[in-house]
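Next up: a single chain in structure tokens, the form predicted alone.
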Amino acid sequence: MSDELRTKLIKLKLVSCVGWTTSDELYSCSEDHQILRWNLQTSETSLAVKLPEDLFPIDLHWLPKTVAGKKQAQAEIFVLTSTDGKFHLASKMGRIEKSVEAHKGAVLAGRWNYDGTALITAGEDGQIKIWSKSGMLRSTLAQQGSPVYSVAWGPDSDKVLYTSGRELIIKPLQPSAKVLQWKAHDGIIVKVDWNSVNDLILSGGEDCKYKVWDSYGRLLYTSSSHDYPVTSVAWSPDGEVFAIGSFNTLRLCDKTGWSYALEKPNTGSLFSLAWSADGTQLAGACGNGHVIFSHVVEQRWEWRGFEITLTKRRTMQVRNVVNDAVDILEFRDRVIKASLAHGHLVVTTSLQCYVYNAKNWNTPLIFDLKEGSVSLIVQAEKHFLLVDGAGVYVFSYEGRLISTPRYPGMRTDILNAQSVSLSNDTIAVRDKSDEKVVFLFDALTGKALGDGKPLTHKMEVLEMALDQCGPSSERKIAVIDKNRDLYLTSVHRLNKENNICKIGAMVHTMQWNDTANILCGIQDNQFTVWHYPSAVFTDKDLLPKTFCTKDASEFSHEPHILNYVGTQVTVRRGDGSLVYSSVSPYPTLLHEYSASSRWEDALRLCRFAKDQSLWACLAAMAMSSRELTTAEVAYAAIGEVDKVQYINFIKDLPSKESSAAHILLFSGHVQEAEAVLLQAGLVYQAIQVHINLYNWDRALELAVKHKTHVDTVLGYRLKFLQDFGKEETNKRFVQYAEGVEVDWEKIQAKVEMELAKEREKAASSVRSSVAYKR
């Protein structure tokens, strides 16, 4: 996406602040004691309030549309702060409902929290105060010796960020909680903003720089010095971009800091910037008396051979790169969000959703939206997901509503692409109140998966992604946690043993392929492609052999993987430029062959490609599908002799149950293997498994429970101790050794009998199945 700003200016006396009521109506305050109402649809301007002659406004903020959980159609009251130490609560019609003495000297900032239940003011007197919605003082949060020029609420309204000279301070509302304070700029900090979706902080100061921080105070980006101090900063509502205002300068930047567009309007200093709720328009209050309006255009989306550009607010251009054909798409209202993937373009305007098929750009499917402000579109192959202020909705590409997943305490206003993932059958949503928790839903019903328990990781989850292919029973989710470790788990086996497995460390960004379950990521300074991440569930030792790495220095610092389509990976570098990297097509083919059980073709491909990582993938895929002959060839090709021998041992086992159990053992699933054997009545074989693994206690427990082969367990235990020259110290073994005689001839005879019984049982089941077929 490459954005530009289109701007226009309108003249007044020095304008100090601006605020949107709807996406088409703005209020502005100027030093001539007027509050003007601007209607952008009709381009009309009218006087909303004539303020008293002694009232000079500084800051204006509308009460949020969602107040204490109830949604309003539009903002109804706003707070206005002024130079005389008061703040004023005013209605939309322009009546000042209440004026409150708040500070000594000017009230430099006033901000409502996200649910409209509290107001914070900051003053020239260095005090920060919290007020109720009706203007009653609740507490004085801080007192300092220098003026507080700017404040911002934390995403959950439980912390406050404010300026103190050159320092930034984050103070939690809980009295005992730790305060975070750090030197942020070399000059006085003039403006701050904290976004609720991405949890990032923006600051601008008199050192002529703007900076991006995370909520722990770590610096993520610092700009070069501008010619003049940075006087205003503002995050767009979805946290994807931000705007910076300075003297005759307006800049649009990506959340990682690099600049999309730079405008040099004749504005004087931009004292205040405000985004409309849908994030398409920006208004600025100018020192020379102008109000500046800008809207974002020239956004770009790419997918395979198509490039789509938002040329005007209601017009898109589709270019087919292969044959240079161009289509123009016109919309009734302005475009708010768009997404292009899986052969479909989904566009939302303020009232409708348009779904285009890439094969035909002339006839979109159109349906109405209840809530106009769609903040996120996520696509999968068979359907797509929309997020707005009221909920999460899954639609088919035919426009049918499929499901609306919900969980207690769900806040849709703070969901973004890192916290929502969609596949053909599953939806994953990371919880905001506890970031270790990921809720999983069935995409077709909207109900929670399995027993309804979410996936709970041991660390906070930063990013997660569902794989896109294969049957829903094998759906996997990859998560990157706060330590930058990459884990993989199956969404249907959340509470089983050995379920969540670490497959990478120092991973900064990742994406699944759209046509095969191949994962790519940037690990430290390496670009890594995991050709078959599920190998970790079949044979952990194989995993390092199934991925390939290459140097990632071409992606420079802080790269972000945008998508992985076909064999091409698109990476956005830290400076905003796009880099494309191609990946071998063979693993995708191998996935295709494995899914359709074309094992001969898979072997042929591996012999042709002569690539060790392909052989390793094939070995894991074949073991996972219990295709032992192919697995044997593949393991032999990568020199894993011990595994070849074990596979031959499995092939020679007399019964299906024994084979199934040993395949589970091969993957390290001991409990499941034991359960399979016990269910089939093969008690001795289950005991022998534990003896081979030196799980002595469990072997004895099974023998005693089933009243069989206690002497076998004791015999093998005795032999084991004699080999190591040790005495028996385990009380249970000492107790049973006193009453049980160990006679190896008897043991051998019993073992032979067990195996003969198993062979006979297997043979009779084969005979009966043959008879049944006849």
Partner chain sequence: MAKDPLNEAGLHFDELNKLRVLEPEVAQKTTELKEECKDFVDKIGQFQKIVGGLIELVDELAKEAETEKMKAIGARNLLKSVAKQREAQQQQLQALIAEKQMQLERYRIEYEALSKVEAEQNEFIDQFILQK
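None of the values given here were measured: they were computed from a predicted structure. Positions refer to the first chain, counted from 1.
Below: the form predicted together with its partner chain, not depicted.
A.B. asks: For the chain seen here without its partner, which of 198-206, 247-255, 510-518, 343-351 has a heavy atom within 4.5 Å of its partner chain in the predicted bound form?
C.D. replies: Heavy-atom contact with the partner occurs in 247-255.
A.B. asks: Does any part of residue 264 reach within 4.5 Å of its partner chain in the predicted bound form? Heavy atoms only, please.
C.D. replies: The answer is yes: residue 264 has a heavy atom within 4.5 Å of its partner chain.
A.B. asks: With the cut-off set at 4.5 Å between non-hydrogen atoms, does residue 300 touch its partner chain in the predicted bound form?
C.D. replies: The answer is yes: residue 300 has a heavy atom within 4.5 Å of its partner chain.
A.B. asks: With the cut-off set at 4.5 Å between non-hydrogen atoms, does residue 312 touch its partner chain in the predicted bound form?
C.D. replies: Heavy-atom contact with its partner chain at 4.5 Å: absent for residue 312.
A.B. asks: May I ask you to state whether residue 576 is within 4.5 Å of its partner chain in the predicted bound form, using heavy atom distances?
C.D. replies: Because a heavy atom of residue 576 falls inside 4.5 Å of its partner chain in the predicted bound form, the answer is yes.
A.B. asks: Just to confirm, with a 4.5 Å cut-off on non-hydrogen atoms, which of 586, 149, 153, 593 contacts its partner chain in the predicted bound form?
C.D. replies: Filtering the options by heavy-atom distance leaves 586.
A.B. asks: Pick from 259, 360, 132, 645: which residue has any heavy atom within 4.5 angstroms of its partner chain in the predicted bound form?
C.D. replies: Checking each option against its partner chain in the predicted bound form, the one that comes within 4.5 Å is 259.
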